[in-house]
Structures are given as C-alpha cells and as structure tokens.
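Presented as structure tokens, the chain that follows is alone, the form predicted alone.
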C-alpha cells in the first residue's frame, strides 16, 4: 500500500534537517536527466525543493510527465545547486497521478497563456507561484478582517441568499422558481443585518451576493464577496473609523507578515496611510469645479470625476455627506441639513470599495421615505415590523472584498483575484 503522507512541506526543509529522513509530496516542475543521476524539482503550495534521484528510481523519475503528483522519501543533505541550498537524496519515488500532456496552459508561467485559457484551467493555474501567492494573500486578508471585527465586538452572522421578494431596491436581482413560488438571489444582506442589531447589537457577515447587471467592465462581477457590518448605537463616522482600522490592518498584515507572498506575486508594497482623507460631497464639487468639471448639487459623480479626485487625493479617500436623493431609502438625513445624508463611500481613485452610513430607525420615517422613492411600504412589511419592536439607532457599511483585493494587489482586472469569476459571459468552470 502506497503511503501518500508527507512529513514536511518544501518550505520546511532547512539545514536543521540535514541527515534526517523526510517524505515530500507535490508535483514535478522540472526534470534534469544526466544519465545515472536525475535532479527533479518538486513544488508544493509552500515552494519548491530539489530531489536527487539515483539507481533504479532514475528511469521512473525521468519518464514521469511534468506536473504529475508524486511522493518521495529520502535523506536531507546540503546541495551545491545555486537555487537550492538543501536537497533530498531519494530512496523511494512514487508517482501518484500522471499529468496528461499537452496541458491547456503552462502553470510555471514561462509560456504565457491568455487570461480566458487560464480561467478555463484555474485549478492548474494555481500551480503558478505568482497566482497562488495572490490567493494566499486573499485568505490572509479575510482572516485579518474577521479578527479585526471580532476584537471590535462584532458577532459573525449568516443571512439568507435566497429571498422571497425583490424589495431591496437598487440593482437587478436574479429570479428563479422556488417550489412553485418566485424567489431571488440576494444582492446584499442590508435589511437582515439591520434587523439583527435589534438583539445582537453588532453584526458582520462575509458572504457571496449576486447582481444581475449587464456590466462589461474590469471591476464588475455577477457574483461577488461582500463584507457587511451593522452596529447599534453608532453614528456613521463611528463606522467609518472601523473601515479605516480594518483596511489599515489588512495592509499592515501584507506589508509586515506576508512579505514573501507579496514579493512572489509581484505586488506593490507602498500602500499605507496614517489617516484616510474625509471629503464632503460639496468639497468634491468645489475641487472638481477648479479642475473644469462643472457639476450641480445633486449630480452623481461620474468615473471621470472620480478619477480626477483620485489624482488629487492619492490612495484611499472617503466621500461623505452625499445628497439624500442619491442614497437608498434606509439612509438617515443630516439633522442640520435634510438635503444631505449621513452617508459615505470609501474610494481608491475612481473605484468605490465601501458604501455605508447611518440608517433610519424610526418606522414612520422609513415608511415616508419608501413612499417618496416610489416604493410600496407594504412590500417591506416583514422588514418594517422589526422597527416596531424598539429598534436602536444603527449604522453600517458594505465592503466589496474582491475590489479591495484588486487595489491591494495592483490587479487591473477583478477576475485576477477571484478563483472562479462569474460575469455576463462566464458560467464555467
């Protein structure tokens, strides 16, 4: 019976193991056959190591196709190779699964493949060290977010992704038959997370959401990962502070603790800030006016306008106090100027990363706002009833995690940082 277990990953091989027996598992990246001796480069998720194969194992090793899964046992010894100070002299070499050539892409990245071909063979693409590093960073970023919010006193929750009413407003929803009834895929947890502040006070969710927008851009997906936060007894500037701390923690994690992955992925490491600039919507209009962009109060900010602001305010910046009419029905107005809202967006250049604000908690105001926006309060009865049970004031935000990763990795296309992207064209793999 073949022993499929490994004792060490490639990155764990060091001089402290010289003379020790180890078992290495991974895939063959390179083969150098010099007759009675063969050098095999084996890679795993942590890195690469060199095997020295001799004797009866040589024919099997050199005839095994590259990218095949193998396990090898042997003794660790010092190496004279430039790239490998440590190597394993093999006593046992077992092929677990042979790779069938020709492969759809070259996972070493030496031969370039089109982006679509890479996505079509995404599992194989992940054997490219640069690509794998991006997704290790993505995992680390999610962990930092969870740790940060837990320390801030938030409880992680899971809300339904199948909903019975297309009543959230905003983007189009995907509809489907659900046991002879009409159902939809959720575009956000907005209404649920607000309700949950009634008893859980501070909640967050990290999950997939869906928008049936016919968008063909490098920043839009039909399925995306959103980080959503809602907190009772907090105003909108309080939750802005949380966004700032959270993004800062992720950047520090990448820069200070994940430097090897940052370098392997070829990412920029200069992302940093002490304090994110906070601009009001009206300040933005003034700055844009000086740049020749003539906008009236109440106009939304176009991509072109946001790009100009991004040139003035390098890196991350908040835009706050938007006109109330530009925001959803649940956003609270400013008490000293009801035409403005207690809302904010976190931008990086033209790219919106976070949208949030103070929510209405007065049920009568909510019903009035729904009517003002041409929405039927009766369609929101399940949501509104929670507001008659003593709803506390609350604020929150939603962060597009894929977009954040796009910014932190310098990716030009959001699909670079998503394992299996779903958009208007792509439904497989």
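The structure presented is a predicted model; accordingly, all values stated were derived computationally and were not measured. Positions refer to the first chain, counted from 1.
The discussion below concerns the form predicted together with a small molecule, not included here.
None of 197-205, 354-362, 315-323, 239-247 except one has non-hydrogen atoms within 4.5 angstroms of the small molecule in the predicted complex; the exception is 354-362. Only one of 258, 308, 211, 138 comes within 4.5 Å of the small molecule in the predicted complex through a heavy atom, and that residue is 211. For the options 84, 224, 329, 192, the residue carrying a heavy atom within 4.5 angstroms of the small molecule in the predicted complex is 224.
Using a 4.5 angstroms limit between non-hydrogen atoms, residue 398 touches the small molecule in the predicted complex. In the predicted complex, residue 414 approaches the small molecule with a heavy atom inside 4.5 Å. When the small molecule is considered in the predicted complex, residue 403 lines it closely, a heavy atom lying within 4.5 Å. Contact check for residue 219: a non-hydrogen atom falls within 4.5 Å of the small molecule in the predicted complex.
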